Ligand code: 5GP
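Single chain ahead, by itself, as structure tokens, in the form predicted alone.
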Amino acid sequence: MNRALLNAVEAADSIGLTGHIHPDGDCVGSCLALYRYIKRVYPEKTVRVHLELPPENLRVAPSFDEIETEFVKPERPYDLFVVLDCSSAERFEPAKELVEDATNVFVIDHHMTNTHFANDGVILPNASSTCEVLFDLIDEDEIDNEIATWLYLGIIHDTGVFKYPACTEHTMNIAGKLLSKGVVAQRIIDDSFYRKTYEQNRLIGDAVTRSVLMLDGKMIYSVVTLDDLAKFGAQRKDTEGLIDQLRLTKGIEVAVFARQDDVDTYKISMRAIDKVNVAAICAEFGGGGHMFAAGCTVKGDLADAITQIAAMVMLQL
């Protein structure tokens, strides 16, 4: 185990874990992998995971049901809080009070936009995922099947099943080691990444049909409103995978998807092929992520936000 993380864990009796808002595969995978690891190696310690309720497609192992979604303050502050897959304090807003009350805060991340908000940590922007970073921090001999399953989940989600540029030989070597722990790759990939509900297929199909090409076909954009969700009997989680479908449009350099979460609040997801740094664009709106995959939240007029995004994309093309 990494010495800094080992020292932090061994010095703490109570440990809290969290990740970013709207938790994705890498966030859930890294949080639950470390949760399971600490419970396995340090059974005498109290450890809890605080996250917003993740999408059901990420329920790939039993510890999913041990996620605490209410963010209730413990009787006394945590000795240690580990924040995973999170680039700034704004990105773990629901757990912010719990983190700020903790005696020590440690961050494990791979986002280039990380603001170094913690007392200590390991941030490796060149890693494919936070799960890859975490694998290198813990004792490989203590990785059981469930820990391996959570790590594999995070890696496949942040690499697009091993196709994004951040996926390296080291990433693939880790994946092979996780397979040797009994990970059932086909089930995890199909169930968490590709399988869609009927409502989700209808919603995605409609959003793709209504998508708009911009910047002479170099950018594609679509939006799903609250009315669209109601029309198809869908939920916000049913928009998962839509940005990846838009990204596959031939000839585009950037895909942009907006999901309405409230009357004037939209969650923006962006993907780039290989020319545009979308993390830098999302950072202008208080978000962040990776060079070719990032997100942010915007409030107010969506048309104005898309116009600003298109202008920033054009400057990089």
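Heads up: residue numbers just count along the shown sequence, starting at 1. The structure displayed is predicted, hence computed values, not measured ones.
Just so you know, the form predicted in complex with guanosine-5'-monophosphate (5GP) exists too; it's not on screen, but the next bit is about it.
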Selected contact from Leu17, Ile309, Ala12, Ala293, since only one has a non-hydrogen atom within 4.5 angstroms of guanosine-5'-monophosphate (5GP) in the predicted bound form: Ala293
The single option of Ser87, Thr159, Thr239, Ser192 touching guanosine-5'-monophosphate (5GP) in the predicted bound form, heavy atom within 4.5 Å: Ser87
Partner-facing stretch of 245-253, 284-292, 31-39, 56-64, counted where any non-hydrogen atom is within 4.5 angstroms of guanosine-5'-monophosphate (5GP) in the predicted bound form: 284-292
Contact test in the predicted bound form: Arg48 vs guanosine-5'-monophosphate (5GP), heavy atoms, 4.5 Å: no
